[in-house]
Structure formats: structure tokens, C-alpha cells
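Just one chain is shown here, as C-alpha cells, and it is the form predicted on its own.
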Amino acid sequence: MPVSYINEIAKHAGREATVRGWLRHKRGGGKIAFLVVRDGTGDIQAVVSKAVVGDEAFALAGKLTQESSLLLTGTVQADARALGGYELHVSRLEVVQLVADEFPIQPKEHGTGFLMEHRHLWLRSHRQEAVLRIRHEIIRACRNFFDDRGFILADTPIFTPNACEGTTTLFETDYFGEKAYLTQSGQLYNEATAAAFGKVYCFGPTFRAEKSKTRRHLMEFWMVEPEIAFAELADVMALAEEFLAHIVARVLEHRREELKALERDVKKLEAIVPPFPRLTYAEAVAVLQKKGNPIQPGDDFGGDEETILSNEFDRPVIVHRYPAALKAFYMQNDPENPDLALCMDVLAPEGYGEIIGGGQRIHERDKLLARLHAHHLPEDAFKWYLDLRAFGSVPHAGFGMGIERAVAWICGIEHVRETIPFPRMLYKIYP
């Protein structure tokens, strides 16, 4: 008998097929039972008739408990009223495991703490399935976007000998007697591969030891980071705009059902089309002050400021040219005002704040060396990075997008903890 995934069950309409999965819930009585079964690709209702399967199998169906694992064989019948448009009329039932204990997550209100302690089981819920399918679609869209535009995927190391963003947020580890750190970003290594291939991107986990409990922070998250040789700030602002529009369009095209399950207002996503508004840092400060925020020129933006700014627009807003003192050591200065950095942040609408950060890198060796010294960073650890400015250096630029923040925004969920299968948060590493 052919084995079918539930999302492909229509191929077997009018014929027999076998479905393998887990019992979500059941109902019925007398001589008929209805089992709702999931297999990871979808749900289907299976109709078990005592007259068809016999007394023993029907009695077994009556004993089934939530999350029991099953093999069901039967005839696939189209029914517009049924879940997914098809039902399975069962002729044979086989139990792989009959769950003896009550499933911890029941159809009632559970606190977030309880659900996070049972994250390994919470993943089986409709909501979490929808979020993680959208995450998958976003990741696929990211890869396709860059692959289709001639970028080379060049993976960067997770163990690094030095900091990228700042020494205060590093996870330190022992590397055979030497200090090493979990990567904060693949950007520095991206600059090396961009000098070899022209257009590159890396995609992998990154780590920030930030003692933050905000809804936007994780200790371990995934970033996609493109880097382009012979590029300036304007080039990566345009690329980021095109990139985000592409991702949202792909989710709208392929994951409407999941967005519906999350009760996401898709009209707000349909508005995500270029051009995106652009503000200088100075213009953004003026907007914030007009809104009553106490920020002063030279102050960095926090969650409150990003929320106010992003609520002003129906699509992402690009804020550029922050004070150089607020940015990383490798950021190029604006030639028209050296106190400013050629950098940008992209803030998602609806109060979601920063999802992309990037800019133009310093490409002059002497200037980069001076900046390392100013930031009290060890020259020896960055010798290889300085070498990139000694052998064919060119203007280059790139950015990084945190996947979890993008997922939270596109799904319309409040906290990033639901955007990754097993979130790592402050004081939270189980399961």
C-alpha cells in the first residue's frame, strides 16, 4: 500500500493509502470514531467504523491517547467539509506506541514559563508549526535571493580569536589552552571572501552574551550576512530594500495558510514594497523629539526609540549615518562629515525595530589600524584583517539580518522566543 504524506494525500483520492502520524485528538462514540492525525506536513481526519475494522481494532481506537503514534490504512475520499478537503476511511489501524501518560500540553491556558519548560512538546502545536514553517520559508527565500544574484555562500567560523562587535558581549571558551570566542558575526571573514569572490554571504548561528531580557533578544540566533566588493553604503541600502521585499513576497506567496493560522494581518505585509522611507540619524532624532522622546543628538537608539520610529511608517524605514562614536571600529566615516559613519539600520514596521544593520567598511589600512588602537583592540589578533587592506583593497559594504527578528515581524508575534525551535535566553538553556 503506498505511504502518503498528508500534504500529498490528494494524489491518492479514490484509492487506498497509508498515513503515518500522531493522534492530535479524537471524538465519536457508538460504532464510529473520528481521529485527527498529524504527520508534520498537515492534519487529516480519519474515520474508523466498527463495521469495517472489526471489534478488536475499533476497541483499540477507543483507547488511543493524545500523541499516540499510528499507521492508518484506508481509502482517501474527497470531502469539502473535511479538514484539508479529504478524509481517510480506515480499513486497518496499527499502533506504534500507545501513550500511557497524559500529554502535558492540553487545550487550555498555559503560562509561558510552563510552555518554555515543555518546548520540546510545544513545537507540536498548530501555532508553533505555523511559525516554524514561515521561518523555513524565510530562510529559503534568503538563500534563493542571494544565489539568484550571483552571490557565493562562504561559511565563516563559529570559533574566533577576536571580537567583531564589542568585547563585552563575547562568550569565551577554551581552545586547546588558548582563549577563543563564539562568533558575534561572520562579517570580518566575509570581507576576506568578498575580496576573493566579489559577492558573498554567510548564514549561520551567532552568539551575543548580552544580559538582556527584552522581547527582541536571544543569546544564540541566526544571521544571514552578504558582503560586496566595490560597493558603498548606497549599494547595500538598495540591496537591503530589495531583499526584504523579496522575502515578504515569498512568504505571502507560499505561506498564506500559516499566516492565517497566526491571524496575521496580511494587508500590512502586502504594503512591504519599495521604495522604503530613508532618514538620516539627525532626522530620526528630530522625529523622536517631536514625539516627546528625551533622546539627545549623539545618543544611541534603544528599543523604545526604534519602536517609535518604526510605528511612523507602513513599511521598513532605513536610518543611516549614525554618529561614528556609536558604531563598530570598522565602519567607514562619511567624507562629508567625518563624525558620522557610513552605516544603516533597517527598522521593521509595527514597532518591531531593527532587523538589519550594516554599512560601508574602512578600506584604508592606516585608518583601520588607527581605529583598532582607538578601540584598544590587539593589533596581532587582527593582522589578517589588516592584510585585506594591504593587498588589493577596495571600498566594500554589507549587512546582517537576524532571522528571528524577521520571523517575529512577518509572523506578527511579540517575542522572538517562538521564532526558533529551542531559544537560548538569559538564564534559560533548558531544554
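Quick note: we count residues from 1 along the sequence shown, nothing fancier. Note that the coordinates shown come from a computational prediction; the quantities given were computed from them, not determined experimentally.
There is another form of this protein, the form predicted in complex with a small molecule, and it is not shown here; the text below is about that form.
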Hey, in the model of the complex, is Y385 touching the small molecule, heavy atoms inside 4.5 Å?
no
Any chance F276 has a heavy atom within 4.5 Å of the small molecule in the model of the complex?
no
Does R405 make contact with the small molecule in the model of the complex, using a 4.5 Å heavy atom cut-off?
yes
I'd like to know if G357 sits close to the small molecule in the model of the complex, meaning any non-hydrogen atom pair within 4.5 angstroms.
yes
Counting only non-hydrogen atoms, choose the one of 138-146, 96-104, 279-287, 216-224 that falls within 4.5 Å of the small molecule in the model of the complex.
216-224
Could you spot which one of S310, Q184, T193, T156 gets a heavy atom to within 4.5 Å of the small molecule in the model of the complex?
Q184
The small molecule: the contacting residue among D334, E350, D299, E210 in the model of the complex [heavy atom, 4.5 Å]:
E210
